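Presented below, as structure tokens, is a lone chain in the form predicted on its own.
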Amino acid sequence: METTTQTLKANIRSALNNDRLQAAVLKATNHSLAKRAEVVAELPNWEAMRSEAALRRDRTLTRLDDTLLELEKNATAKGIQVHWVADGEEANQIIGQICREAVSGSETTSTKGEVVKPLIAKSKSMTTEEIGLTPFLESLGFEVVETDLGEYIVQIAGQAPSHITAPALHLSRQDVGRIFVEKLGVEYREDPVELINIARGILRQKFLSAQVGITGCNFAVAETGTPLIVENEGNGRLVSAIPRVQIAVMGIEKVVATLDDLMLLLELLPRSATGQRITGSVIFFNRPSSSRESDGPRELHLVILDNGRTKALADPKLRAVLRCIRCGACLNACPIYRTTGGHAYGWTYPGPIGAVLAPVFLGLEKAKDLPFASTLCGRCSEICPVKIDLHHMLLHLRQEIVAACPQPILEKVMWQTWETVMDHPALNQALAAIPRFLLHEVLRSHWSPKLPLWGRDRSSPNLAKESFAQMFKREFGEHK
């Protein structure tokens, strides 16, 4: 099934009929929430840290243009080549040109006489997923290998990541074992250590052969001109240390003003994302390496991407979404995500954060269903480490979509009818009495229909003989 934002309802129906998917997602998100709760409880000032982080992120956003120019100035002074790009197409073209120049004249042939594709090693990056960088580079004749284990698994499976921080969250270890048998031709294994060793043996050769390394950018410090990534597997270090050319790709919102701001965010990010006090590595890309150094890239490029972010910046009701540090905690807390998984959302960023970003990045028409994939329970806002008010943003986007996008006539009639009934209490009470009369007086309380989806594992509750208003009136009399 094609997975796009415009097939959301079909995607959800498919997910709801996949018990194995639901079990894997629920197990993984429960585990993440438990780990997060444990490490957050260690910090008595957690709420104060969240408030301070939100304040600092907003302060940077109010002077984003100046902060980005400071980043460019300080990065360029150290030899980092900075590229400003408006959208994904421009980013892909520039990155493709850098890669072509990096491998020019280095084409080789195998012992069988076949042309060997130049190799690009990537570490985990949601921004490059957003712009479709990997398929674009493959169309230019490059072999592109994802080196994060989760990203590697979904890449060889021909799937998209289903979570911001855990790309293969929707897969069980048995699923991974079957994928390795089919795609790598190895014997079936389901022990995680054995599966990791299989992937490590393959990826090690890819690291050593890569001519270009591409990374994301968790943050970039303006006062020092330093992009950086956080990671746990060591692949980010190898991707940025072995190839001669490195390209880091960041959205404009990833800039932070000072190292002091960074230290605060590095306290919040791993606790919210992976339930860790700190990640395995925090890797700063300070400058290109010199000829006297044995590792590190000779060329270091920083691609700074807009791709719709300034649209959010210009909207006072949506600007705070650019505070996001991509921890994925809102996904783990969201009852919709926990039921359907990430692929149902149909694009790079799933969950509540994705449902806010999609209409901004893709346009209201293309993503008009996503803001409605929410219960508006507010758990996403409660868990966000930088206090993004996601559920109210979703409500705001719903209002914009209803105003801007044509609605089905039947839906309009239904809501207009509902509005009329709710505006007239006497009519509301009269209509509410009809199903009670039919159930209790005509059917004698013997009707219990199976409701779609919800009723698959649940029996339908019977209506009470009295409404709440009737019970209140009987107990307390007329309201004066």
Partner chain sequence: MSGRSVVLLAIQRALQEEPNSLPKETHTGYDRKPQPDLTGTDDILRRFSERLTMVGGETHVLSGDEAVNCILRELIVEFKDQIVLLPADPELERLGIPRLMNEVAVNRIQPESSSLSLAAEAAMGITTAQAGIADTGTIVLIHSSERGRLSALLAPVHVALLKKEMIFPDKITFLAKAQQAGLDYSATSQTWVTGPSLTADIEKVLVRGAHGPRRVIVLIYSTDQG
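Since we're looking at a predicted model, the values are computed, not measured. Residue numbers count along the first chain shown, from 1.
The same protein also has a form predicted in complex with the partner chain, omitted here; what follows describes it.
Subject >> in the model of the complex, the residue from K117, R173, R326, K366 that sits within 4.5 Å of the partner chain by heavy atoms >> reply: Filtering the options by heavy-atom distance leaves R173.
Subject >> The unique member of A34, L55, A41, L438 whose heavy atoms fall within 4.5 Å of the partner chain in the model of the complex >> reply: Only one option qualifies, and that one is L55.
Subject >> Heavy atom of A430 within 4.5 Å of the partner chain in the model of the complex >> reply: Although the partner chain is absent here, A430 would stay clear of it in the model of the complex, with no heavy atoms inside 4.5 Å.
Original post:
Is there a non-hydrogen atom of P316 within 4.5 angstroms of a non-hydrogen atom of the partner chain in the model of the complex?
Top reply: Output for P316 is yes: heavy atoms within 4.5 Å of the partner chain.
**OP:** With heavy atoms only and a cut-off of 4.5 Å, decide whether G96 touches the partner chain in the model of the complex.
**Re:** Looking in the model of the complex, residue contacts with the partner chain do not include G96, since no heavy atom lies within 4.5 Å.
**OP:** With heavy atoms only and a cut-off of 4.5 Å, decide whether F207 touches the partner chain in the model of the complex.
**Re:** Taking the distances in the model of the complex, the answer for F207 is yes, it comes within 4.5 Å of the partner chain.
**OP:** Determine which one of 354-362, 96-104, 256-264, 134-142 lies within 4.5 Å of the partner chain in the model of the complex, judging by heavy atom distances; exactly one does.
**Re:** Selected stretch: 256-264.
Subject >> Site check M49, T62 and T310: each within 4.5 Å of the partner chain in the model of the complex by heavy atom >> reply: Judged in the model of the complex, M49, T62 and T310 all sit within 4.5 Å of the partner chain.
Original post:
What residues, if any, in 126-161 have a non-hydrogen atom within 4.5 angstroms of the partner chain in the model of the complex?
Top reply: Residues within 4.5 Å: T147, D148, L149, G150, I153.
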